[in-house]
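Starting off, we have a lone chain in the form predicted on its own, written out as structure tokens.
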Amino acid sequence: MTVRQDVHSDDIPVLCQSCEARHRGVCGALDPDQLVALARSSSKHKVEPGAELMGDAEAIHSYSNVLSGVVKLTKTLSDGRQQIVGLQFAPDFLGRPLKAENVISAEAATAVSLCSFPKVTIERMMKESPGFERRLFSQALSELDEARGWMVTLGRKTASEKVATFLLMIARNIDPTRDPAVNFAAFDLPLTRADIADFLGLTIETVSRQLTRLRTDDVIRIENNRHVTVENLSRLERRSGA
């Protein structure tokens, strides 16, 4: 990964110097002194696929920036059934400020790297830095827009368009260092076929059938049942019904 070189990087904590969350995420609103203060109470750590990051209705004690990997957000019904309600990628902020308890669960869909900080630190930063608070507010609005967009996908798009939309979302977000201008992507599917089906409101058989159709039409290549290559993202976008 290419480490971004800053003109004034001497004042930036070592922990933060190569972090994409500092440039594109909520930490980008903090000045060097505030970053130093945040770094003192933050910690970087990695979790394995399947690890629970936060539980529905659990008290909130900390928040995290997603540095790499994919996080699966789920909601559990009273009878134990679970629904995937969203995915998070770097440099998304994991957790909902101003809440006493989590309203959803979060699980590492892939190996995930996180930078975590205590709740009290984030709440203090929100008071001290209006820019930081605005970035958190902006991300919340972006998530709302994405949720509304996903409602259209689930309610109006065909099975073929749903699978193409899902692949396009992964291609554009899974690598935080990816150049948006590049019309090519290669990635490992972060969800199982069952999870993809759950997320899209389809059956596993339908998901597999639509992936095969996209592969047969040379829109994607699939190796080892998981590794997807998209030679032309514009073509995949057209198949998504965008």
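For every residue, the number given is its place in the sequence shown, counted from 1. Everything numeric here is computed off the predicted structure, so don't read it as measured data.
The form predicted together with a further copy of the same chain is left out here; the points below concern that form.
Q: Taking 4.5 angstroms as the cut-off for heavy atoms, does M151 touch a further copy of the same chain in the predicted complex?
A: Yes, contact at 4.5 Å.
Q: Evaluate S113 for contact with a further copy of the same chain in the predicted complex, applying a 4.5 angstroms cut-off between non-hydrogen atoms, and reply yes or no.
A: Close contact is absent here: in the predicted complex, S113 is far from a further copy of the same chain, nothing within 4.5 Å, heavy atoms only.
Q: Would L211 sit within 4.5 Å of a further copy of the same chain in the predicted complex, counting heavy atoms only?
A: The answer is no: L211 has no heavy atom within 4.5 Å of a further copy of the same chain.
Q: So in the predicted complex, does L141 come within 4.5 Å of a further copy of the same chain, heavy atom to heavy atom?
A: Contact check for L141: yes, within 4.5 Å of a further copy of the same chain in the predicted complex.
Q: Flag this candidate site as yes only if M169, N183 and E205 all have a heavy atom within 4.5 Å of a further copy of the same chain in the predicted complex; otherwise mark no.
A: No, none of the three is in contact.
Q: Out of 62-86, which residues reach within 4.5 Å of a further copy of the same chain in the predicted complex, heavy atoms considered?
A: Those in contact are L73, K75, L77, S78, R81, Q82, Q83, I84, V85.
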